[in-house]
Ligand code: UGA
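Below you'll find only one chain, the form predicted on its own, shown as structure tokens.
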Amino acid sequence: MVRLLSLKKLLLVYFVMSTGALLWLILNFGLFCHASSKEEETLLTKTKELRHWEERLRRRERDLQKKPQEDASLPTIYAIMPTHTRHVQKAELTRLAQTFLHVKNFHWILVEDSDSQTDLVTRFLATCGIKHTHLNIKTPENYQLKETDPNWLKPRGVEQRNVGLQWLRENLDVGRDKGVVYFADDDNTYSLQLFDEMRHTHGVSVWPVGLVGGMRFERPVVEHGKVVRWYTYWRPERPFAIDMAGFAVNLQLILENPQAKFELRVRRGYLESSLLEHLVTMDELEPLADNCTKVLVWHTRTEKPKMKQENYLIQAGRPSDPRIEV
């Protein structure tokens, strides 16, 4: 009987000790596994971040390899471009940047129609890979187009282009800096050939513009190598019946004539003439694009997106996430 009780006690002690040991192993092994899982998760996160930055670096290297190298022998093209906040702004700038990346010695002067430089444009320029200058100036209220106004009712981009000209005159020197000034727009489409042709402009060069003025194209008419008249429907008697996208000016001509600028108070269609009359005569114009017979720039104008459903969601208090930049 004593032997039986002793055996029971021994078995009980063994059972308790075994159970305790097992619980200890389970608890400690579980904690170890949990800690290991956390460490593995941290390691995986760091690895993903590292791979992300490696991929960004590789993409950046590929972009730099694709981008034409600067050539000190080539004049710089200074493209002054007004831009304003709207739904398609970033899409337009992205499309244009992918064209400008292929142009050697290109300096993008982007001027916002705003009281201050916006975060969207600032972030975009920081990663676009193009040499740039970021400026801003607000169009006077009485010259701003209303939502229902036709785009020809008031001159657009006047103050912005003049600020771009002012920057050139304050930062570049007569006789030292060589280049060409072009007045681009963020809703146009440009052939790379256009930049090759305009780069060696001596005074003011001109060419056709497609899909403008309600016509397939407008153009200077050239006879014996000289511009003699303008092919356009709207007031062909204008001194320079030409679109903003249809000419470039030698930088020295801009620097040597500080009085030359765009006038805010001009009749419809006379904005280009308000600048060019200070710089050149029709007889001095340099026709490009095969004597102004080839279209290398177009007024494509991205369609204004319809925001009907977005407006419904705003009214319902459920707008799309404003942190997602479009």
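From a predicted model like this one, the values you see are computed outputs, not experimental measurements. Residue positions are given as counts along the sequence shown, with the first one as 1.
If you look for the form predicted in complex with the ligand, you will not find it shown, but the lines that follow are about it.
No clash is found between the ligand, overlaid from its position in the predicted bound form, and the backbone or C-beta atoms here, as no atom lies within 2.4 Å; the site counts as open. Contact check for Asp243: a non-hydrogen atom falls within 4.5 Å of the ligand in the predicted bound form. In the predicted bound form, Pro82 approaches the ligand with a heavy atom inside 4.5 Å. At a distance threshold of 4.5 angstroms between non-hydrogen atoms, Asp185 is in contact with the ligand in the predicted bound form. Contact check for Lys294: no non-hydrogen atom falls within 4.5 Å of the ligand in the predicted bound form. Contact with the ligand in the predicted bound form holds for all three of Arg86, Arg161 and Leu271, each having a heavy atom within 4.5 Å. Exactly one listed residue, out of Pro155, Gly210, Gly179, Pro220, brings a non-hydrogen atom to within 4.5 Å of the ligand in the predicted bound form: Pro155. With the partner omitted from this view, the residue of Asn171, Gln98, Asn151, Gln193 that lies near the ligand in the predicted bound form is Asn151 [heavy atom within 4.5 Å]. The stretch that touches the ligand in the predicted bound form, counting heavy atoms within 4.5 Å, is 185-193, out of 225-233, 185-193, 117-125, 163-171. Residues of 113-138 that come within 4.5 Å of the ligand in the predicted bound form, judged by any heavy atom, reduce to Asp113 alone.
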